[in-house]
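Coming up is one lone chain in structure tokens, specifically the form predicted alone.
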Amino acid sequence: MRFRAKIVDVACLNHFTRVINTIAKLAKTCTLRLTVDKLYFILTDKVANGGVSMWCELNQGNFFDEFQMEGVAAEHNEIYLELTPENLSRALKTAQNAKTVKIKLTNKHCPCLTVAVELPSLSSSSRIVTHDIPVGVIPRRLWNDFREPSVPDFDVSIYLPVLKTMKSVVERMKNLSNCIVLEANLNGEMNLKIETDLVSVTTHFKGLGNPPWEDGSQNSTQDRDPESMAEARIDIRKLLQLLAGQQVNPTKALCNIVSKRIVHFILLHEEVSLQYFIPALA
């Protein structure tokens, strides 16, 4: 089982750092799955996570100048590691104007991801800062726990408004309530609502548009009245965690609502896709 990778390009390094910072904001610990051509950061919907789950997928070729990996076996050419993303985020903070960053799976008293950052130096000798990040190796028998979540059979799929705008609205609402109702219809309309004994506040967004889904995901939306709202009441802090934590700056952002069950967010930016699932509250 071997893994080593290298980033030289500054733009790629900055982009990779932003993705890791986002993951660190969304998950205290997560699973890093390495395959020949992709990296995945996975959070499964355990009760300990408040039922939230995440699936972030990166094409390694768009970030790394070198990428070599040998999995646990020829027929299972993958590696699954348990990781604290905040540690990786901290290591990458020291790499802002690095010449190169190398990441390698090592064994130092315990399995580690070793991040070696080569910094610019005035003399001919190079300055290298090394971070050893402890990881847990997840055995093959548990891999099935980390499969990609399927897109739920949603009632409504809608593009999100500008995330900064949405974030500032939700930030204000957080002071008034712990939960928020997110509702949308097939007419490109979305409302964010909070209702308490003392106050009722709704923010309306119009003309957002509804994504065209090619596969069978839209069966449940075919006969739906375009004006009819699908809604889910979710934990406002979990929504804010996504809106405030994301540094992916997506070119496309959308959400799928399964009424009273789950809200599924998808943020897309060229070679990165981030899916985030927030369960509805009873």
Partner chain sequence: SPRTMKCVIGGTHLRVFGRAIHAIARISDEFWFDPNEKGLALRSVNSSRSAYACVFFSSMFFQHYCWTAEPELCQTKRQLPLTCKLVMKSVLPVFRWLNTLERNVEKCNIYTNVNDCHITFKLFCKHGIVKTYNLAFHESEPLQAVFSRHMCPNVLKIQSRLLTDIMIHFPTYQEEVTVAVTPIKVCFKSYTEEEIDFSKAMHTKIHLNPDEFDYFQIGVDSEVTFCLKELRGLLGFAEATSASVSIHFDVSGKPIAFSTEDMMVEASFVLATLADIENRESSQQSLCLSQRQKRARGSPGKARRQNKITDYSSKKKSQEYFVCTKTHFIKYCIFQFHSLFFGAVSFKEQDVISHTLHSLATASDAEDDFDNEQLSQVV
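Just so you know, these numbers come straight off a predicted model, no measurement behind them. Residue numbers count along the first chain shown, from 1.
Another form, the form predicted in complex with the partner chain, is not on view; read the next lines as being about it.
A heavy atom within 4.5 Å of the partner chain in the predicted bound form is found for exactly one of Pro134, Pro211, Pro149, Pro161: Pro134. This chain appears without its partner; in the predicted bound form, the one residue of Asn107, Thr130, Thr202, Thr196 with a heavy atom within 4.5 Å of the partner chain is Thr130. With the partner chain left out of view, the stretch that reaches within 4.5 Å of it through heavy atoms in the predicted bound form is, among 186-194, 107-115, 167-175, 150-158, 107-115.
Residue contact check for Ala91: one or more of its heavy atoms lie within 4.5 Å of the partner chain in the predicted bound form. Using a 4.5 angstroms threshold between heavy atoms, Asn144 stays clear of the partner chain in the predicted bound form. Within this chain, Cys179 is remote from the site of the partner chain in the predicted bound form, having no heavy atom within 4.5 Å. When the partner chain is considered in the predicted bound form, Val72 lies well away from it, no heavy atom lying within 4.5 Å.
Within 4.5 angstroms of the partner chain in the predicted bound form, the stretch 107-129 places a non-hydrogen atom from each of His109, Cys110, Leu119, Ser121, Leu122, Ser123, Ser124, Ser125, Arg127, Ile128, Val129, taken in sequence order.
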